[in-house]
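Take a look at this single chain, the form predicted alone, given in structure tokens.
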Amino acid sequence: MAKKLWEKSIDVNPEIERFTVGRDRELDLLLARYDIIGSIAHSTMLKSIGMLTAEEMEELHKELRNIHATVENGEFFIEEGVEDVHSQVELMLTRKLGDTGKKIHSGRSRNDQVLVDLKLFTRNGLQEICEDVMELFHALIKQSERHKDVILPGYTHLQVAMPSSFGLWFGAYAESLADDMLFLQAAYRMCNRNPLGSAAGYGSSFPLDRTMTTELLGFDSMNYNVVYAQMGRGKCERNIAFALASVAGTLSKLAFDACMFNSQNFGFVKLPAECTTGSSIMPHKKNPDVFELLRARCNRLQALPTDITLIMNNLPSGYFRDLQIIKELFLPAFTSLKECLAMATYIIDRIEVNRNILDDSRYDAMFSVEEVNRLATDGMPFRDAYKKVGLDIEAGRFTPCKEIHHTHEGSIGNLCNDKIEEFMQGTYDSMDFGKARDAEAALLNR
């Protein structure tokens, strides 16, 4: 069994090891690519300050890229008895390169290794989430424009209220995602700062060039204060979790609406047949299972910031092993949200709307406000118009006029989808994902 990096003369109790390692070997596979990228940048910096020769650096880079190839091919694994991905990579370097492999840990700790790995993983994950949000956003805008003239009952208190439209309904969720993108932008900017060089949270006596690693890794800036760099673990994940939860909240509400509107009592939309399931005894059933599961998964994602807070909230400055548990909650959240976004986009692209909802007389009363406004426009005081229409409805004398004349910004007749698209695109473009991708590609392909 491999020795731990920190192990000296006392063997570790196997039960203690199982408890302390937890799911690290499994979850750290998600970080392997980023541990290698961080190590290439770090070793480049070590060469620049005289801690490695040019030959040693090249040997390390060649072997790190070989290890990266095993990650890409799905052949990388963390051996039994090896604690984590950082230990595994260093072990592989040492086996291949001897003393040169042992030099790569100069000036860093596993604490700042995991910090930079998490930052790189999260940065990439946020890029993918943003791209998937954009896909759903464009699907919603497309459906909003396609069905902008189809009237849909609007509800308050689950009571028929006023005329809405499918253009407004689809467009509302598109604009909600545009606001969610602001959370993702803030999360990305917070994530895109370099902690490498903080070591165990108190810096190093080596003359590290943290500006160099910041530039090599494509970060916007660094976490300057080394104590804060370590303190930022947990806080960064929590705040990013709020951004993920914001997107999840939009998806959950969309799923609820779609399930309700798909039911026979509403009949406003029809979900794709392949996205519904049947009953073992009721042959007529077409259950909206995809959206129901999406709703549940997104509701669970909305609990993520609280879960992280409860783990790290009462910790003082410095590193504590409690933070390891956050990985178990945080890392899988990206895949879960991506899957939910993909399912939502698939359904929204294929959803069918009912163009004949107004044929049902139960929705006649929702045009009452239109009649009140017409009378007020003709000169009747608004409160008198309100009373007259209310009395007509009670007496069964109300005949609705179903012509809608809404022209102000953001209304049925003026959706402002172009403005929403401009706002969304501006937020997305401000994150400059290409800078990070180019930096990582340059490290791996030099």
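Please read these numbers as outputs of a predicted model, since none were measured by experiment. The first residue of the shown sequence is 1; numbering continues from there.
Below: the form predicted in complex with ligand ARG, not depicted.
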Report task. Spot the stretch among 264 to 272, 366 to 374, 107 to 115, 300 to 308 with residues whose non-hydrogen atoms come within 4.5 Å of ligand ARG in the predicted bound form. Result -> 107 to 115
Report task. Find out whether any non-hydrogen atom of K327 is located within 4.5 angstroms of ligand ARG in the predicted bound form, and reply yes or no. Result -> yes
Query raised in the report: Does the 4.5 Å heavy atom contact test between F183 and ligand ARG in the predicted bound form come out positive?
Result: no
Query raised in the report: Applying a 4.5 Å heavy atom distance criterion, does R123 contact ligand ARG in the predicted bound form?
Result: no
Query raised in the report: Though only this chain appears here, would Y319 touch ligand ARG in the predicted bound form if you measure heavy atom gaps against 4.5 Å?
Result: yes
Query raised in the report: Just one of D209, E135, D84, E90 has a heavy atom within 4.5 Å of ligand ARG in the predicted bound form. Which one?
Result: D84
Report task. Only one of R233, R193, K148, K103 comes within 4.5 Å of ligand ARG in the predicted bound form by heavy atoms, so just point that one out. Result -> R233
